[in-house]
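Here's a solo chain for you in structure tokens, the form predicted on its own.
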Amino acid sequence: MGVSQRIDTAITRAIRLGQDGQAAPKQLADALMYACTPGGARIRPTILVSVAMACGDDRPEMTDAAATALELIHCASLVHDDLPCFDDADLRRGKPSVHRAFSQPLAVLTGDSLIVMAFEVLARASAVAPDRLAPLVSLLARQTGMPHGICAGQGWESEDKIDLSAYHRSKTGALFIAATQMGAVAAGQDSEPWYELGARIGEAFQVADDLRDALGCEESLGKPAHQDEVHNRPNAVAALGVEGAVTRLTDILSGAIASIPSCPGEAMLAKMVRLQAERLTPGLTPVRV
């Protein structure tokens, strides 16, 4: 089973358990699956599984649980981000956003349910490697909430004065840091050496997202374009120009590869980072790393 199929199978299994057949409210149950499928690129869980495999992946059930939990948190954040009180986006992944398809109350409940489900998935896998559960829960919680997680990232948009570095690190980098560190822990390794790789990939993703938002269109992105300009958000294209942003992206990705800790799958991870770079920048100036 390939990494992509492995991730999708684990996520679908978790959502099915969360829907609980006829005992659950049908619309909310349907909204859970709608919010997570189709899954887009699944970049974050792919990174997590790739790191775990590079470190030996001696407890694949724990790796699958960690990857699923991370993706559920990511999907929850997208549901909440699209709400009228935030981005007020009508589209996500080429289809109506959850609040457009199911209503605003159900979208709030969907995001909340996915967050709770993420930690339930981890708890359910605890018997596989009990000593790894607490670090995984701690890492995911830290990169989800305050003061440095994705909640903080959204919170920065309500401030009059924005710390750009902290904003990008929280809004985008947090779940990439979670991906690399949780992948290592799921495989029984120390999380700390993997922080820099996650932070660099997260920074690269933010710059690439800024480029796509500035240069793309709604049809190609599967969501509204030019949102940074509409919402007057700080972004790499406004600060550096298109060519400067592409150069910055190349530099970040080169640094990401150089930061990969020594491990049996080091070469494989470098290849994965290059592949993700290509996926991040479709139709843009090729990024060489």
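Only a predicted model underlies this, so the values are computations on that prediction, with no experimental measurement involved. One-based numbering along the sequence shown.
We do not show the form predicted in complex with a further copy of the same chain, though everything after this point is about it.
- Contact with a further copy of the same chain in the model of the complex, judged as any non-hydrogen atom within 4.5 angstroms, is confined among 90 to 98, 178 to 186, 193 to 201, 160 to 168 to 160 to 168.
- Each of P25, L28 and S126 comes within 4.5 Å of a further copy of the same chain in the model of the complex, counting any heavy atom.
- a further copy of the same chain is not drawn, but in the model of the complex it has no heavy atom within 4.5 Å of G265.
- In the model of the complex, a further copy of the same chain sits within 4.5 Å of a heavy atom of A141.
- L17 belongs to the set of residues with a heavy atom inside 4.5 Å of a further copy of the same chain in the model of the complex.
- Contact annotation: H74 falls outside 4.5 Å of a further copy of the same chain in the model of the complex, judged by heavy atom distances.
- Along 84 to 116, residues C85, F86, Q104, P105, L106, V108, L109, D112, S113, I115, V116 each place a heavy atom within 4.5 Å of a further copy of the same chain in the model of the complex.
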